[in-house]
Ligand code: PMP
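The chain that follows stands alone, in the form predicted on its own, written as structure tokens.
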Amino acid sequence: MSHYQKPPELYDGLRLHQNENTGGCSPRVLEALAKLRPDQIGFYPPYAAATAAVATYLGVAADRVTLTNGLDEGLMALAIAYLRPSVGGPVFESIVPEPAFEIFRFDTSVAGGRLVQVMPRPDFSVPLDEILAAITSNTRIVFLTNPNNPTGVSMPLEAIRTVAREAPPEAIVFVDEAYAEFARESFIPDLAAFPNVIVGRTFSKAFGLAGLRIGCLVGAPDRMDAVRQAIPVYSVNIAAVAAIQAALTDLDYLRDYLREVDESKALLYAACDRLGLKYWQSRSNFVLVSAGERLDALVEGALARGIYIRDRSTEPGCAGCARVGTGLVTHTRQFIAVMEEVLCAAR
């Protein structure tokens, strides 16, 4: 028997590298999908009921919500709407405080914009002064993330307000809140006072709907009009429409998962302390762990044992770091056992 062979439950791979809900969706989602009728699948989907349900959950009017095929579609539409240059006009800029979701950089390039990166501080605290200094008359999007991916560190809401006050009138301050449920914090209540801010949300993470691709943008209708024009017609499918409405009727399921995540993070922090590994307190469903020279051993050793974690060592400020999803406690315990085995052998 190979040294790397483990119990059968790991053979299919434990996905701790994509920040997914490893417990899956609420049973009510499966019930809703099973009830879809042939005509609902055969016709283009209506969005009013799902939009209203999302708006109620987020505490805003329905005309402030635009459903998207995953938050990724919303990000691309935002980039096209605000960064696409006109013939003979200036090249518009996006500001990305690093480290950040790589799609911000990708979409800026695809839309023909110019990327302005703000490098991180050693402790990953928000480089507010540096962000403000990067703003120019050509700035059209400032990408902010709260909590940050891949660090899990929060951005103070007052920092977002400050950026919004200093941005050019034509610019959008985009706040990526993909992990807001885990942080128990959102900028959405501030949107009425800051019409130049658009918030992005996804139901892939906390709600376990990654496979159905459903997210949304939230903001002032007049600032969202240009974004809506860049979103394909009927891009959100009927299964996603049914799923999000069902998921939002089962917030007890969500709360149970959030408690699992909290316990998982505490377990991983304690394991890192035992092993002498640096980590950052996370307000998301993952933890950024610095393994230093032992990073390759950790990532490759976990993979050999059927566990996927994300090597983020090439990201600005993240040398020697891996991001580990912290969802269900049973999965976190499996990873900790592997981490202790691998790193102890690597010493």
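Keep in mind that what you see is a predicted model, and the values were worked out from it rather than measured. Heads up: residue numbers just count along the shown sequence, starting at 1.
The same protein also exists as the form predicted together with this ligand; that form is not shown, yet it is the one meant from here on.
Only one segment in the set 176-184, 113-121, 272-280, 254-262 has residues whose heavy atoms sit within 4.5 Å of this ligand in the predicted bound form; it is 176-184.
Site annotation in the predicted bound form: the residue of Ala247, Val199, Leu75, Ile231 reaching within 4.5 Å of this ligand with a heavy atom is Leu75. Shown without its partner, this chain lists Arg223, Arg105, Arg213, Arg84 as candidates; in the predicted bound form, only Arg213 has a non-hydrogen atom within 4.5 angstroms of this ligand.
When contacts are judged by a 4.5 Å heavy atom cut-off, Leu71 counts as touching this ligand in the predicted bound form. Within 4.5 Å of some heavy atom of this ligand in the predicted bound form lies at least one heavy atom of Phe101. In the predicted bound form, none of the heavy atoms of Ser94 sits within 4.5 Å of a heavy atom of this ligand. Of the heavy atoms in Thr139, none are within 4.5 Å of this ligand in the predicted bound form.
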